[in-house]
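Just the one chain here, the form predicted alone, laid out as structure tokens.
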């Protein structure tokens, strides 16, 4: 049998034999199962993925009856990447009426809560107008981005500078200061935009700075949900594994360092999160079959553990999708179909 054309995680084309693709699928699911201590994919599921890559169709789609919601982050800058000059409102309308988005998100170009708090006064009337112009649920999104609270961008010492010097107590104190400031900013921005008409908020790329950042987002979600019981809160993660940059931080008695998606979602729903977005990072030197099997294994375990809607992150460099700012459709559609049909997702 001839070789099958697929890609590496960096998006470049490669050709593999059918048995090589199957070996990569097995290796990918075993890697996830071992690291996450979760079940690997079954033989039937692996054969499903193999058939997906054997298909000569450039673009594939879910079977009828398996459709799901489509949500997006930072919508009001994505159209600009194609160098199309339109307003925020027009971008939201394009996503709603041309691209079929099921949720919308207003955002500031400097996509972090620390930066956004300075322009809330301008985005509040934007939110009021955006809600009037559109129909789907409207979120306001930004990143917790704990790194912005340390020198030279913020008021706190940088733990990354203190740890190599052996100043562990000082580093932990710096994290504590940054956490307090981040929680305050997320609650302020979330409250202001919710009262301006937003249906909810999005904590995007949560945990990029490790366990301290994940903790800050959980505490902010907890406070906002108590303050506004009907607020929708979406939390999309930054990676599959919570880095133990602090190492000792706990939430509800659970240490955050080292958690994989199926454990992350349990804490998110305790905090009041209403939509959770698990992330599995793409290995650029591995094949897409390896990456997709690994991602589906983690996401399936997360789906089975979750009691809230799951919108898996599938985009540039996550979810078995290549690390390209404009992901190729052949790869993106296969990753989307596999996640929806094997993981029983509520959305992407």
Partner chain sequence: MHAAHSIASGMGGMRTTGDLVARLQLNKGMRIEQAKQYVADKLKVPVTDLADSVTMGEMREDLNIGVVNEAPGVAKGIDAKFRIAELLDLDINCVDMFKDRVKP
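Numbering follows the first chain given and starts at 1. Here the structure is a predicted model, which means the values were calculated and not measured.
Separately, the form predicted in complex with its partner chain exists; it is not shown, and the next lines address it.
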**Complete:** Within 4.5 Å of its partner chain in the predicted complex by heavy atoms, the stretch out of 151 to 159, 169 to 177, 239 to 247, 268 to 276 is 268 to 276
**Message:** Would you classify residue 217 as touching its partner chain in the predicted complex, given a 4.5 Å non-hydrogen atom cut-off?
**Reply:** no
**Request:** State yes or no: in the predicted complex, is some non-hydrogen atom of residue 223 no more than 4.5 angstroms from a non-hydrogen atom of its partner chain?
**Result:** no
**Item:** its partner chain contact at residue 46 in the predicted complex, heavy atom, 4.5 Å
**Value:** no
**Item:** Exercise: residue 232 in contact with its partner chain in the predicted complex, heavy atom 4.5 Å
**Value:** yes
**Message:** Within 4.5 Å of its partner chain in the predicted complex, counting any non-hydrogen atom, which residues from 300 to 336 show up?
**Reply:** 303, 306, 307, 308, 309, 310, 311, 314, 315, 316, 327, 329, 332, 333, 336
**Prompt:** residue 117 and residue 81: do their C-alpha atoms lie closer or farther in the predicted complex than in the form you see, with a change of 3 Å or more?
**Reply:** closer
